[in-house]
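One chain comes next, on its own, written out as structure tokens in the form predicted alone.
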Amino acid sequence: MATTTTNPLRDARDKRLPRIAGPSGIVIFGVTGDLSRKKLMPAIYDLANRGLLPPGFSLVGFARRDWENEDFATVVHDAVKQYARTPFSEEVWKHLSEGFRFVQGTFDDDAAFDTLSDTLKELDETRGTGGNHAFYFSIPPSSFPIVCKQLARAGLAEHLPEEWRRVVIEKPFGHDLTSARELNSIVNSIFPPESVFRIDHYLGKETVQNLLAIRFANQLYEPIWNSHYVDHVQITMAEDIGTGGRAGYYDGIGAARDVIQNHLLQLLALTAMEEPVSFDPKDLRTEKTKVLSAVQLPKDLLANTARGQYAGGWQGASMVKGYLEEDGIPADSITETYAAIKVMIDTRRWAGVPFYLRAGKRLGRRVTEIAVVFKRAPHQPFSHTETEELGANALVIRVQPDEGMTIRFGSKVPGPTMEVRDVTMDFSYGQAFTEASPEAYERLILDVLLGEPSLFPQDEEVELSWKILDPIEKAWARKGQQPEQYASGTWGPASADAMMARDGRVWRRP
């Protein structure tokens, strides 16, 4: 009987080969918006330029504009030229653009969805997309029901044995727990849960995924990744811009719903979760869900949270408007542009360790980071003067920009005296690797086409996140006060500093 032999070197090499999507295409609803122009279209081109899309890949835009296929191709071309990460190649562009189609219509237009169905059938025949299509909802949640209904009516949500249909959903996924459950019910009535991909673009960033490598591929950190050694954790997402052109979306949403409910709670889950049995999507999600279900809110929510709203001030060298002076913002708006919360995780690993999450606009600089701050050494045989410039050890993962990691520790200052001062040791993606990190949307779009759901939150994660945030939002609503003003270019309201000071801690200055 013949025996099968394996070649370890070949097997290892095969695992490192790039993942290439099979026959497939994407339909973008909301294709005329900024997200499509600045992120989705360039990401699709960059994937094609890297050889990760199938030869017959198709891109279909759906909108009300009176465009022909050629007009749509011109729009994509301009977006790619302006925003793509990889160099422009006429050969790649020519081949990719042959699969572009545009369908004009509104979401309540049956005929337009019938045309979309015919267009996808034509692409299956001419481009070999094989009936495999992802529907990207770059649209407001209020439009989900009608689009889902139309896809089902036109037969575009059917799952045949040799074909797949997937739906990709952008945030916000609801504005509270009740609305999130309603949206889950609507989408899941048309698409099975394994075919629903909720985009959280932070989970596609290389440094976020590197957090798993740092923890579980090294023996160095995991033994001290617990309450015996960690004093607290700070997760920060700071922006130096205002609302920009998003005033209509942002007002009434605010920093907590816009950022903390999704991005920052997902970063918390990855930071605090136990080692999964494997990196299979089910195992990874199981550990994240355990963490989110173990999150405990403080009893006094107002004392352990902070809300702010940026006022006018100097942002760098420019004088900028306050939030209430921005175009499209009501003069009496109580929407927060800064939010900070404190939570605990009721597990053996993290008992007694507070997690502080903050997000804001018009802050000192643009930065997203996870800072694990360690307890001070239990015994220091030094005088106060020898260590007066010594802070707590910290491991800081920089998600953006300048992706990388910093370790802060104490070191002796050269000289005749024993003086200890903080120093840092840096790892930078840009310096350590010759290949530039792909954009998050590149990774996530490719994962959708491959049917790889590891980086996409499912129903339970979304609902658990709202269970954490809803009581805070309700406490703020009951108080009913205007958020505390903070000057643009600073690091938020005084109440956020006071929240930390009550715990004997301070915010890191990124």
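Here the structure is a predicted model, which is why all the values come from computation and not from measurement. The numbering used is simple: start at 1 and walk along the sequence shown.
The protein also exists as the form predicted together with a small molecule; that form is not presented, and the subsequent description refers to it.
Heavy atoms within 4.5 Å of the small molecule in the model of the complex belong, among the stretches 255-263, 304-312, 182-190, 324-332, to residues of 255-263. Taking non-hydrogen atoms only, Gln400 approaches the small molecule to within 4.5 angstroms in the model of the complex. Not displayed here, the small molecule is approached by Tyr249 to within 4.5 Å at the level of heavy atoms in the model of the complex. Proximity of His201 to the small molecule in the model of the complex: non-hydrogen atoms within 4.5 Å are present. Contact annotation for Lys81: none of its heavy atoms lies within 4.5 Å of the small molecule in the model of the complex. Screening Lys94, Arg366, Arg153, His228 for any heavy atom within 4.5 Å of the small molecule in the model of the complex leaves a single hit, Arg366. When the small molecule is considered in the model of the complex, only one residue from His133, Lys288, Lys342, Lys361 comes within 4.5 Å through any heavy atom, namely Lys361. Here the marked residues Lys171, Met237 and Ile241 all reach the small molecule in the model of the complex, each with a heavy atom within 4.5 angstroms.
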